[in-house]
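In structure tokens, the next block holds one chain alone, the form predicted alone.
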Amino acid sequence: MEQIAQQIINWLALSSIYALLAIGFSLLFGVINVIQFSHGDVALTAPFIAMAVFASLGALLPGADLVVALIVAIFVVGVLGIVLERFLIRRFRTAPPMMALVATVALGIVLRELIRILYPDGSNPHPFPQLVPGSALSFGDVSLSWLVVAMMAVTGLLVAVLTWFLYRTGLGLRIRAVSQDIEMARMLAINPNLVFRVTFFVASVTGAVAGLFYASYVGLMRFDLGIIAGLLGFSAAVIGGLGNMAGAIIGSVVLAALDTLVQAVFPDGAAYRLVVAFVLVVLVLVFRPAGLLGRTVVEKV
């Protein structure tokens, strides 16, 4: 019973992280029609920025709160998303999909190498603090940490805010208009470039929160963690249906459940978690290419 309880806690924690990453992938693809394969690397720069800011603040203002460093890191990653959209991804908006794919994969490599080179001792793992210490509930040898509670609460809050933003604000209406028909949006005097900048900021901020939670959950930050985070977030988005926020959440829950099950049932299951995840992605693409909640669009030529 205790083992089952522990696996449920792990499932909830992973679902929260995957959902925040998958929402970013789906939002970017739904609006810009580009798969941003460096999204995981952008998200996982947040822990490094947070620790660098925290160390700098500690030197200038002893006793400076970690919360300030976290807020700064989230904002900086959001701005980084805008910069990447303006100077790189915008140029591939109307290019063949393969060009955007290669460019974003290369961008991820650049980000990882910059962290490895510029961050002190960046090639090695660094400890990352538990953002919310303590246990909220204990059951024998199993405890539900406040960190997992915070992860679920923040994920739910961000999903609610994003839903309100997209469906109850003028800017959200413009974003949905551009995602459906960019040419018609231009005829309605909507500035697509502004929409793209806002979309990249929102997706990058959401990814930064996921990156901070991911680093805190595993207890360390590593320059190459963005590869795994990005692949898992993208897989969850594909399973649920790229471009569909609800699908991203459902896909994250399904992927996290499978991930947890593999690690719990099979000996050395952690070594096979990515294999099983991608087998599921392949099966979804074969039997339901649009994803669990996606809809197949038929174009007449």
Partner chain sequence: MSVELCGVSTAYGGVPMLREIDLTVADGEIVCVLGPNGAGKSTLFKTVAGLITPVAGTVTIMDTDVATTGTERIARLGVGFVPEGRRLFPGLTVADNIRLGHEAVRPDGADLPARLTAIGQLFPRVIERLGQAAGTLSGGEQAMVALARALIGEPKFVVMDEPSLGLSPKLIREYFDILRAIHREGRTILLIEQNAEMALSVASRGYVLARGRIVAADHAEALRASSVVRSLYFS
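Numbering follows the first chain given and starts at 1. Computed from a predicted model, the values in this text were never measured in an experiment.
Beyond the structure shown, there is the form predicted together with its partner chain, which is absent from this document and is the topic of what follows.
Colleague: Sort through H126, R197, R90, R176 and report the residue having a heavy atom within 4.5 Å of its partner chain in the predicted bound form.
Modeller: Comparing distances to its partner chain in the predicted bound form, the residue within 4.5 Å is R176.
Colleague: Given that its partner chain is left out here, which of Q130, N191, S135, T163 has a heavy atom within 4.5 Å of it in the predicted bound form?
Modeller: Looking at Q130, N191, S135, T163 one by one, just N191 meets the 4.5 Å heavy-atom criterion.
Colleague: Can you check whether M187 is within 4.5 Å of its partner chain in the predicted bound form, heavy atom basis?
Modeller: Answer yes; at least one heavy atom of M187 falls within 4.5 Å of its partner chain in the predicted bound form.
Colleague: Would you classify E183 as touching its partner chain in the predicted bound form, given a 4.5 Å non-hydrogen atom cut-off?
Modeller: Heavy-atom contact with its partner chain at 4.5 Å: present for E183.
Colleague: I need the one stretch from 71-79, 165-173, 223-231, 208-216 whose residues put non-hydrogen atoms within 4.5 angstroms of its partner chain in the predicted bound form.
Modeller: Result for this chain: 165-173.
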